[in-house]
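Listed next as structure tokens is one chain, alone, in the form predicted on its own.
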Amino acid sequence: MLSKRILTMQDLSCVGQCSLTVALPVLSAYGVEAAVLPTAVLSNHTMFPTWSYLDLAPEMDNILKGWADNGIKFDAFYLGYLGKTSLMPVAKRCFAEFSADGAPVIIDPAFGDNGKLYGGFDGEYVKAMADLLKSADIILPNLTEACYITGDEYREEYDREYIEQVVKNAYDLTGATVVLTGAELGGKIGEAIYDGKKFVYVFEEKLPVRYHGTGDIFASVFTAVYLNSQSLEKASKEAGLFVANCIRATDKSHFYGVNFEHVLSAK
């Protein structure tokens, strides 16, 4: 049986359990052929005190020419941290030139959290990302990202009505099914899913710790499960449980990521 081939476009941190070092093993373990378009190579991710950065944008044309020359197509696209507005047209070119019939586009905006943008991002990046999300079939923003995209006021305390208004606004703006991650209601944490017709909520126990890279793990598991099952709810449930188990398996002194390898090996 042939595996479905998915293209994931994001950076590669040589050390640090995030981005491509998460996406490749997770997608492969779920039976998906993982192809990559690395946007940059970092010595380690930016939660460390220092890091090196090699921009791979100058190589993009050569990579895409190689794919075109060899007739390569992808059954799905999964975008994570891009970091530069100049990469948005590259992503659109991939969707236009290398899509197999019906290939879904899944995008994790990955530009902010806790009401703030990550370092190095600005309003122009948010605007470019909001435009790119219009090319997606499914988007995976957290509340911060959804609010930046829609212009809604970010709130630390909120109710279901507020969540649904922000999510509906994100849907109206992008036309993509919205899977809002990290939604907290009733002492639990999970996803609010909206396909333009109805809301579905998927929750897990809220754990009292936070780790870098869990969003990348969620998005990778979600994408693989969705590609295999075509179920948003199943993909959200399995991804949320996987992340929770990763957190439970991680020693608190391990500051730069979670022990996803232990959970993946027990899968």
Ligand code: PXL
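Not measured: the values here are computed from a predicted model. Note that residue numbering begins at 1 and tracks the sequence as displayed.
If you look for the form predicted together with the named molecule, you will not find it shown, but the lines that follow are about it.
Pick the stretch from 232 to 240, 59 to 67, 219 to 227, 45 to 53 whose residues have a heavy atom within 4.5 Å of the named molecule in the predicted bound form.
Result of the contact check: 45 to 53.
Pick from 74, 81, 125, 194: which residue has any heavy atom within 4.5 angstroms of the named molecule in the predicted bound form?
Of the candidates 74, 81, 125, 194, 81 is the one lying within 4.5 Å of the named molecule in the predicted bound form.
Which residue, 118, 158, 154, 95, has a heavy atom that falls within 4.5 Å of the named molecule in the predicted bound form?
By the 4.5 Å heavy-atom cutoff, the listed residue in contact is 118.
Partner contact for residue 212 in the predicted bound form: the named molecule, 4.5 angstroms, heavy atom:
Yes, residue 212 lies within 4.5 Å of the named molecule in the predicted bound form.
Report whether the minimum heavy atom distance between residue 250 and the named molecule in the predicted bound form is within 4.5 Å.
No, residue 250 stays farther than 4.5 Å from the named molecule in the predicted bound form.
Contact between residue 19 and the named molecule in the predicted bound form at 4.5 Å, heavy atoms?
Answer yes; at least one heavy atom of residue 19 falls within 4.5 Å of the named molecule in the predicted bound form.
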